[in-house]
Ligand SMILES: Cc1cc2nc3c(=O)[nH]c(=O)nc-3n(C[C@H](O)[C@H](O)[C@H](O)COP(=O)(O)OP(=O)(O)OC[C@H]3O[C@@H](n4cnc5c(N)ncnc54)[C@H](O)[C@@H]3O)c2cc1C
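The chain that follows stands alone, in the form predicted alone, written as structure tokens.
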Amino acid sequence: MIFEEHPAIGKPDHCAGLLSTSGIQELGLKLPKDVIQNHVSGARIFSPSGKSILIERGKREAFVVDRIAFDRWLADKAHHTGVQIKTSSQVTKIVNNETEWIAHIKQKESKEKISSRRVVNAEGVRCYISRSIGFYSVPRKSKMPAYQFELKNVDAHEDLVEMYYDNRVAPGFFCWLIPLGERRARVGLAARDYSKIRLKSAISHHPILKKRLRNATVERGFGGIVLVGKPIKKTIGSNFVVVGDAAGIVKATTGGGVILGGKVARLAGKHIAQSLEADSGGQTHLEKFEKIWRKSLMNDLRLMYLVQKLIGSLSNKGLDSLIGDAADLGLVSTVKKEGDMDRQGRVIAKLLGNPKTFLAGLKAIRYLRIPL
């Protein structure tokens, strides 16, 4: 049984909607046409001074999805396998009485209590339920406010994502432009503070963005939180599992969590089922889940966190140096060859093993803005 606090599945949405084609395939999903808004083949990354590098491999790298339609499609698939989904049902607290969990549910005109042998916390970044029972939660320092607009009449490449690194625009993170097709796009940013104000300023004053958007009009705007930290120290308790953003299982370099979070959630489902079928020692299956997902993904997540920490600590001169050297020293070819949108650890490790990366890093690190 799933409890959703909002009246409708997928609303409000807080996502840029960029999902790797390889990741969707690994999750065993075949997206229907009405969920897909566009395909993109690569990304152009801009430095503060306007230098850029193009990362493209001549094939469709990612889907741009309608996140509301995507969530509803997933919910429909779950419903057809026997899952009960209750909307307008907010879990206000959970209590463990040693043999089972009791969930307190607040609905429009009533309250109820539901007992369960297992609880999966997928509440997202707020981590209210985790904190209420004294469990690990995502720290505030790992959360950045984000805001984005959907616009029409945009002058941009239909199959390229654009990323703008500039501490005057988005300190600590970056600004993005994701094409939706038919001259529409999502333009957003995450930053340490004032994300909506910063985004409006970037649209009006950034030398490249303002050209892209000179004829654009806003269709809608929405905000959210981008996670830039590491996963919580433990994702299982006594008959209790945390997944997704609530567990901090997110790519710190981009804030994306659908694919890796989906992989961990599927693994959790498998081991929860095994724990329920076991005559005794059900908790052992949950502990096995924890070990397996960390062995599989933690190296990637840790390396992505360290890279984000470094990039977020560079001044604009440092960002210019790093992006310029990536082009001049031929490091982009390594990214093209080894790159994976989701499992970025491999390409990071390859780059770290390249002496040219060491030289580029030494040059850029001179411009550290804050201590690591």
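A residue's number is simply how far along the shown sequence it sits, counting from 1. As the structure is a prediction and not an experimental result, all values here were calculated from the model.
The form predicted together with the named molecule is left out here; the points below concern that form.
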request  = Given the named molecule in the predicted complex, answer whether the residues Gly17, Arg67 and Gln90 all have a heavy atom inside 4.5 Å of it.
outcome  = yes
request  = Please check if Val169 has a heavy atom lying within 4.5 Å of any heavy atom of the named molecule in the predicted complex.
outcome  = no
ask   = Wondering, does Ile114 line up within 4.5 Å of the named molecule in the predicted complex on heavy atoms?
value = no
query = At the 4.5 Å heavy atom threshold, is Gly257 in contact with the named molecule in the predicted complex?
reply = yes
query = Is Trp176 close to the named molecule in the predicted complex, meaning a heavy atom pair under 4.5 Å apart or at it?
reply = yes
ask   = Which one, 149-157, 232-240, 204-212, 124-132, holds residues whose non-hydrogen atoms are within 4.5 Å of the named molecule in the predicted complex?
value = 124-132
note = From Leu286, Ala216, Val120, Ile225: within 4.5 Å of the named molecule in the predicted complex by heavy atoms is Ile225
Candidate from Val250, Ala268, Val161, Val138 lying within 4.5 Å of the named molecule in the predicted complex - any heavy atom = Val250
task = Give, in sequence order, every residue of 294-318 that has a heavy atom within 4.5 Å of the named molecule in the predicted complex, or say none if there are no such residues.
result = none
